[in-house]
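One chain follows as structure tokens, the form predicted alone.
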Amino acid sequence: MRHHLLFIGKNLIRMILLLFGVSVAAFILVSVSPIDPLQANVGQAALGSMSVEQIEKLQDYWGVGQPPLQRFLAWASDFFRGDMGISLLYRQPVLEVIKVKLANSLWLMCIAWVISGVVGFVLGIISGLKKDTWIDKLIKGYSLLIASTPAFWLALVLLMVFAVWLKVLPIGLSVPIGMEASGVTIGDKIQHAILPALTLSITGISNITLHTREKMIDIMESDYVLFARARGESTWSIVKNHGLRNVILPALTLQFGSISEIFGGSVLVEQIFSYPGLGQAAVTAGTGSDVPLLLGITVISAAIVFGGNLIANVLYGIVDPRIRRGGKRS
């Protein structure tokens, strides 16, 4: 138990250091950008009508002329207190904007994450059991094709087929146009999330399928499975008693590690479907010079991705104790 706690603790410390590094890098990139905080927040016309005293107060508020280290420490202290500033585009606290956008994105990504994991796991088992048959070749070919297909291209194809040609699904957004929030039902949200979630699910299936296939082939060709066959066990009994428990944990580990891929893919997918999630908000903040919102989204997104990687690393340590012992010696 002590080794497990030390291994988890070291990975947690590594995650915190990575978050700090991301925060520093994001702050430096924003600081060296050509964006003028006053013009971006107030506007050139408004600045021209202000007095010198008013401009000096705004410069003091935005830290213009202050040393970068002082500005970073002030931003970091406010951030850890939960004060991420005010979004320039939404005219709301950054934390409130992120809560709304993150709720939409999590709803979308959780659906895609579960579907891609379950379908990829099942396809991988079937492909491993049917090695070198036409079923195996079909599943493997599909996985390799999808792995090389850009998410935005697949999103455009699904949008054209189901929303434009067949007109069976909405063309975008997360709720019907013009409907008040109180009138939106769960069915409306599900209907608008189908195409974005389907796109992310399809693109996330290939890795888990190919990985599970290789693991299943190794298991089915192992000595203890050959011995089980010699005893007369059926294929389903072998899969249930020997295959699933040896495959499911590595597959689950890989699935947690794929959170970064789903999160990155959601940025493009949300843009194409005009889905008001965190990815679309990040693009809007970047193009609209909304620095407080952009910094907040960067840190929160990194925390989610690093959290998935942390769970994957812990599961790897459970699957392979040598990794955990290696972490102890380092």
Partner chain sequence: MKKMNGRILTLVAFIAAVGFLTAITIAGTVFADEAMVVDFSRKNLAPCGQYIFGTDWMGRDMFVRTLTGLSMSIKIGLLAAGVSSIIAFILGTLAATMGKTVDSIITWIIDLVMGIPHILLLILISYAFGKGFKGVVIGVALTHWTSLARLIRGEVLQLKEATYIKVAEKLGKSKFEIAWKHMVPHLLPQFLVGLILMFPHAILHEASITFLGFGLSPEQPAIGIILSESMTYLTMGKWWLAVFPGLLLVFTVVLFDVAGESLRKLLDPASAHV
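Between two forms, the rigid core is the largest collection of C-alphas that superpose within 1.5 Å. Numbering follows the first chain given and starts at 1. Worth saying up front: this structure is predicted, and the values here are computed from it rather than measured.
Unshown form predicted together with the partner chain; subsequent notes refer to it.
The partner chain is not shown here, and in the model of the complex it never comes within 4.5 Å of any heavy atom of Ser51. Although the partner is absent here, Leu12 lies well away from the partner chain in the model of the complex, with no heavy atom inside 4.5 Å.
When the partner chain is considered in the model of the complex, Trp107 lies well away from it, no heavy atom lying within 4.5 Å. When the partner chain is considered in the model of the complex, Leu166 lies well away from it, no heavy atom lying within 4.5 Å. Note on contacts: among Asp188, Glu214, Asp78, Glu96, the single residue with a heavy atom within 4.5 Å of the partner chain in the model of the complex is Glu214.
Contact annotation: of the candidates Ile115, Met84, Leu159, Ala193, the single residue with a non-hydrogen atom within 4.5 angstroms of the partner chain in the model of the complex is Leu159. Of the candidate stretches 120-128, 98-106, 198-206, 255-263, only 255-263 contains residues with a heavy atom within 4.5 Å of the partner chain in the model of the complex. Shown without its partner, the chain has Ala282, Val283, Gly286, Thr287, Ser289, Val291, Leu294, Ile297, Thr298, Ser301, Ala302, Val305, Phe306 in segment 278-315 as residues with a non-hydrogen atom within 4.5 angstroms of the partner chain in the model of the complex. The Cα position of Asn11 differs by 2 Å or more between this form and the one not shown after fitting on the rigid core.
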